[in-house]
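What follows is one chain in structure tokens, specifically the form predicted alone.
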Amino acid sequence: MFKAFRLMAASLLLVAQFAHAQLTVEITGAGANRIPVAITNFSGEGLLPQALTGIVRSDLERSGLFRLVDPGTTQVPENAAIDLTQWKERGTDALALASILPAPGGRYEVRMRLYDIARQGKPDGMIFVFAPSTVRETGHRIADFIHEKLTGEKGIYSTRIAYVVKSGSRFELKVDDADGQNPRTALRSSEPIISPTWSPDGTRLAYVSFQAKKPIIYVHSLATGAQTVVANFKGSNSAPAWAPDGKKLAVVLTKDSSSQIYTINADGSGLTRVAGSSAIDTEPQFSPDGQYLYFTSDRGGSPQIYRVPAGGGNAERVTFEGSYNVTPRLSPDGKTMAYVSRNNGRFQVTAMDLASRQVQILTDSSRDESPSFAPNGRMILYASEIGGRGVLSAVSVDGRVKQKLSGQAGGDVREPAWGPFNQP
């Protein structure tokens, strides 16, 4: 696997065989104390081209944080008189009611009321006005609303993920809803696409493409499809990572010697070398405050994770447990580092509490790669291999909640990246 590390540093990763298919989510684990919640059938839902209720229920259930209570088949409007004692006796801690009404301009309005029965407070309400074409997006926003009101943390159901698929000789960079049910193709190519990463505002993707027969780093506008060349130097250009302000990226170049880390503005100007060594330095990742770059290096003899001030300086080693630790990824709050470690021949997603340096192996698979945090820091998306084919999986930072996202056509998917929260 150290050979694989060296190839990765030179952007010569081989992308496995992919199939063109939307993803399905399989829950393989759940939280220890799930909140029992009832989502009644939304009144007026027959007006819509797609049912909202099912989207909301599916989002909450796959999170592993909620247990759905059967509400029956009756549609209940949001302003209905509710006997909360009856729902409490059925073991329900929270109850959501909603009405859907026509709105001007061919749009619709959904009105929701959420009762936190366990806390016995006043119900929370919300109103969304939406177009028929945005039913799925609206369902995810409703699930986010329920999640935040009941847990105190922002929901991630309306966020997006990016990943690469390959069908025959065609490579595609996909952007999808977090539940894998709304795939859109951002880029098609007959050459490999690797290392996609989201800009902090969610409007652009940086990635490495071989479309010019060599690895070049591009920034891609999701709104227009326009590509901007960021790094096309002699040798390999690889491993882009956005700075928190979205103005620059960390990149890995071999233009002067072995793989070394630089920063560069998003328009390709202002190239600056950050760290120098005779070893292979690769896979940079900014800390959320922008003060440090975490990266993988073999400068100590085996691949380990180090960090260096983002403006340059002396590097310090971060991982000491085990002989192979790669691909550092920082949680949004900067408190946890996810990475891939080798344990008894198995390559597994691992989490380190950066304050205590305590380490926890989160997965039970054997060929994990490319971990990526959800924007609320609760889940980690990653690629793995099951039964000889690639799948996307997700695991909670405590290892309790596990999900598998697999293509319906039985193909492979790789290179996942979880996008940021939607901008207001």
Partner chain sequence: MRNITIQTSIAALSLALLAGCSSTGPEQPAAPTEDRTPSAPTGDTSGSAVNQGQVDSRGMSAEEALMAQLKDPNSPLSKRIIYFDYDSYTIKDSYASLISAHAKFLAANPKMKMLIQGNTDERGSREYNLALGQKRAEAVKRALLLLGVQEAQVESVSLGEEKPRMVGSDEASYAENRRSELLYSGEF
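Residue numbers count along the first chain shown, from 1. Computed from a predicted structure; not experimentally measured.
In what follows, reference is made to the form predicted together with its partner chain, a form of this protein that is not presented.
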Exactly one of T197, Q285, T138, S259 comes within 4.5 Å of its partner chain in the model of the complex through a heavy atom, and that residue is S259
Answer key: of V110, A250, V208, I156, within 4.5 Å of its partner chain in the model of the complex (heavy atoms) is V208
Testing 177-185, 251-259, 310-318, 74-82 against its partner chain in the model of the complex with a 4.5 Å heavy atom criterion leaves exactly one stretch, namely 251-259
In the model of the complex, does E45 come within 4.5 Å of its partner chain, counting heavy atoms only? no
| task | Check whether A338 has any heavy atom within 4.5 Å of a heavy atom of its partner chain in the model of the complex, and answer yes or no. | result | no
Legend entry - 4.5 Å heavy atom contact, K234 and its partner chain in the model of the complex: yes
- Task: Using a 4.5 Å heavy atom cut-off, state whether R273 contacts its partner chain in the model of the complex.
- Result: no
Could you tell me if all three of S238, V326 and N344 have a heavy atom no more than 4.5 Å from its partner chain in the model of the complex? yes
When its partner chain is considered in the model of the complex, the residues of 369-384 having a heavy atom within 4.5 Å of it are E369
